[in-house]
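To begin, one chain is listed below as structure tokens, in the form predicted on its own.
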């Protein structure tokens, strides 16, 4: 079978949080974003926007809003991937129509932004850049929107730090769940996954130990259980609805 450069890039993916101060050229950034604009989009709505942030002061403020993640402030380029219904509302008004604004349009716009973001990351990594996605842009969505000048009906689904990796700080790949747990043939396999989860816990624990981190045997499931046993961003729905999204 012929080797695929794209699959090679995807199989080599690691999260990069340490960047050199070397700039990303405008030509390279434009090439990456132009290719990403060809990503799939529901019904050709293209319900997303991307904000390119290079201003150091703005990046520092975004870093603070993201829980003081320093790489948000130090990366050469920060990208904010927005679910965007504002433009579609304008389109409907051009034809004297009222835009449908419900759970489906919220999901469509969020997925559109996500697909473009994944395309940007794959394209960037294919050119030697490193990246890390920042879900913490949803910690304070209103403040992030104000900082980036977003109109109503737009929110930042997630961000991305982009830059040239520091060669001495490239982490080893983190183990993923076994394929048998996430890839199903014909029908969802509902058999007890406990043994495979426990095997993954041990594999991940060994990975952390190799990095000098002490982890118990529940390296994956224990963390997930703790995180999901408390409300995650409990005010997010109310805030996004106030920002113009009807999540009903």
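Numbering follows the first chain given and starts at 1. Fair warning: this is a prediction, and the values are worked out from it, not measured in the lab.
Below, we refer to the form predicted together with a small molecule, which is not included among the displayed structures.
Q: Okay, which stretch from 103-111, 87-95, 169-177, 143-151 lines the small molecule in the predicted complex, with non-hydrogen atoms inside 4.5 Å?
A: Among the candidates, contact is made by 169-177.
Q: Within 4.5 Å, heavy atoms only, which of 134, 82, 120, 162 is in contact with the small molecule in the predicted complex?
A: Partner contact (heavy atom, 4.5 Å) among the options: 134.
Q: Taking the small molecule in the predicted complex as the reference, which of 215, 39, 49, 69 has a non-hydrogen atom within 4.5 Å?
A: Looking at 215, 39, 49, 69 one by one, just 69 meets the 4.5 Å heavy-atom criterion.
Q: Could you tell me if residue 20 has a non-hydrogen atom within 4.5 Å of the small molecule in the predicted complex?
A: Taking the distances in the predicted complex, the answer for residue 20 is no, it never comes within 4.5 Å of the small molecule.
Q: Does any part of residue 237 reach within 4.5 Å of the small molecule in the predicted complex? Heavy atoms only, please.
A: Flag for residue 237 set to no.
Q: Within 4.5 Å, heavy atoms only: does residue 10 come near the small molecule in the predicted complex?
A: Residue 10: no contact with the small molecule in the predicted complex.
Q: Should residue 224 be counted as a contact of the small molecule in the predicted complex, where contact means heavy atoms within 4.5 Å?
A: Outside the cut-off, so no.
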